[in-house]
Structures are given as C-alpha cells and as structure tokens.
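What follows is one chain in structure tokens, specifically the form predicted on its own.
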C-alpha cells in the first residue's frame, strides 16, 4: 500500500508540469519562442500567444510558405490564408485568399472579435482588414516573381488543372473544359517542392487550461486564383476545444480538408485516445483513400500531452515539430517517423 501511494504522488507533478504548452508544425523555432514569450513572460492569453507565434512566421516568411513573397498563384500573386480558434468559447475567425495584407492571422482574429462571422475571403476580406486598421501593401517580392516567371518558362508546370484544354500537363492556359466523354481518372498531382505546403499550425494551452489553435500560410504554389486551402477551415487546418485538446495540420490541403483531420483528432482525444494515436488515426483515415498524399498533424490533449504523425511520401520520411513547455523550459525540436 505504501509503495502504491508513493507511485501516485510521483505521477501527479509530471502531469501538472505539461502546462503551459506551445507546440507548432515544422522547425519554426522563432515562432515557438514568440508565442511562449507572449504567454509566459508577457502574461498574455493563449489567444495572444497563438497570434504572436503565427505572426512571427508571417514576418519571417517561414520557408517561403508563410507570409508575403511566397507561393505565387497562376497570375503571380501571393495571397494568404489564416485562422485562430478559442477553445474556451469555440469562437473562431478566419480569412482566405487574402490580398495585400501581410498580417493574415491578425485579420483572422479581427474577424473573430469584430464580426459574428467565421470566415471572410477574397477582396472583401482585404477591404475588411483595411477597415480594421491593417495596412495595405504589396505581397509580391523579387523571389515570388522569379518563381512565377520560371514557372511560365516551363509551360506552367506543375499546376492544379485537370479535364481542360489545352492539355494542362503540357501547356499554360487560358483553359476551357474538355468534353466530358474524354475525361480520364487522374490522381492529384503533388508539387515537387514539398516546402510549398509548410503551413504553420500552432497549439497553445495556457496554465489555466485554455486551448487555442491557429494557422497561417500563403497556400500552394501555382494554385488556381481564388483557391482557399485547408488552413482557414475549422476542423481541417486546426481545431481547439478546451474540454478535449487541440490539433493542427499541414500538407496537401486540398486533400486533407475533405477529411477534417484536426476535428477528428480532437474528438478522439475527447474519448480518451492519447494524442499520438489520435494523430495517426487522422492520417490513416486520409491514407485509406490517398495512400501517397503528403501531410502531417500535431495533437495536444487538454492536460498538455502531445504527439504527431505524418504520411510517408518521397522526400518526406520524418516530420519535425516544435515543443516548448514547463518541463523543457526551452524550445525543443522533435521528429516523428512517417508511415
């Protein structure tokens, strides 16, 4: 009896030490630190911290896949997607296909706090942002222009078109629909540059147990103008519920958003499944239909336990993610093998 009692006393501090927690996709350490500083040193809320972390990546143009100057669309323009979700209130704000405003996650928070809507998109979202005091500025850079012009020189390869004329695997547009009788089954074409899918997804859990999730990205390179990916979609790009946990995804958003992997993972954790298994189950659900898709997900329970999973793909055998909590007391990059 004495040994059993000591065993439980030993476990309790370890569980409590998980909080607070900052966790994000990829190796974006400065984003992790920015979120932790806002949460712990500045004593901000988990919402403040998640916004600060994603905003840091927008400023630094993390991997060229977050913020301005990356992932130009078919017209050479960079547009942004972002979301933020408060797991205490289940309030959420998101923007998609945002033009000419750099701080996409800040605009997403403005949608959450200054409207009764969940998602604003396109030019109207940009007008809303300017009304809220966000500066309008060109998101194009020399780098993004170079990516665009090089793409034009290679006959617009790769692209996201199908069942159109001229043949999109050989030619640029403009395109027109191909007669339906000539359609053929096609697998989604994966971009050769896997970094074009490096969305930052972040989960923050405060000492008080508030769970917040946020995302920011400039989307898929050479996307069709008007495209909105999974990042600003609740349950796809991210999801947070303070009674269960949080999750955030990254990868081929056009595929992943059809399966709501973040929502699925959180609901699995609600039922008592550990975060790693919840992440793997969410990825497995997608692999059942798209065995070679590229994607990953991070998961954290309401107590601060965490895990991750990824789908194995050529050139992508392991997935790095960042963790900062009161046990590590510093940002730590961890990796998980893909399956």
Partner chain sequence: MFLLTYKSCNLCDLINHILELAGDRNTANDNNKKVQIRWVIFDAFTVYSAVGGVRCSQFGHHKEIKSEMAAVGTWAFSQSAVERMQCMILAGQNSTDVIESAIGEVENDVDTGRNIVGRGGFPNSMGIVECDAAIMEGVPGRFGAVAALRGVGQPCQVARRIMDKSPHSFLVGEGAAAFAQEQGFTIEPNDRMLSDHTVAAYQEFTEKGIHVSGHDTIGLIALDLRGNITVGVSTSGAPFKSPGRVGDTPIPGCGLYADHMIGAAAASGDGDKIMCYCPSFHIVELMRQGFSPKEACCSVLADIRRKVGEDNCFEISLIALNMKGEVGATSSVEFPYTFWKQGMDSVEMHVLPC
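Since we're looking at a predicted model, the values are computed, not measured. Residue numbers count along the first chain shown, from 1.
This next part talks about the form predicted in complex with the partner chain, which is not shown.
Undergrad: Though the partner chain is not shown, can you say which of 211, 92, 269, 107 has a heavy atom within 4.5 Å of it in the model of the complex?
TA: Selected residue: 92.
Undergrad: Though the partner chain is not shown, can you say which of 169, 130, 118, 140 has a heavy atom within 4.5 Å of it in the model of the complex?
TA: Exactly one listed residue reaches within 4.5 Å, namely 118.
Undergrad: Could you tell me if residue 145 has a non-hydrogen atom within 4.5 Å of the partner chain in the model of the complex?
TA: Contact with the partner chain, no.
Undergrad: Heavy atoms within 4.5 Å of the partner chain in the model of the complex: does residue 134 have any?
TA: Taking the distances in the model of the complex, the answer for residue 134 is no, it never comes within 4.5 Å of the partner chain.
Undergrad: Can any non-hydrogen atom of residue 76 be found within 4.5 angstroms of the partner chain in the model of the complex?
TA: No, no contact at 4.5 Å.
Undergrad: Check whether residue 156 has any heavy atom within 4.5 Å of a heavy atom of the partner chain in the model of the complex, and answer yes or no.
TA: Looking in the model of the complex, residue contacts with the partner chain do not include residue 156, since no heavy atom lies within 4.5 Å.
Undergrad: Within 4.5 Å of the partner chain in the model of the complex, do we find a heavy atom from each of 161, 226 and 289?
TA: Answer is yes for this spot.
Undergrad: Go through 256-292 residue by residue and record those having a heavy atom within 4.5 Å of the partner chain in the model of the complex; state none if no residue qualifies.
TA: Counting only heavy atoms within 4.5 Å of the partner chain in the model of the complex, the contacting residues of 256-292 are 257, 258, 259, 260, 263, 264, 267, 270, 285, 289.
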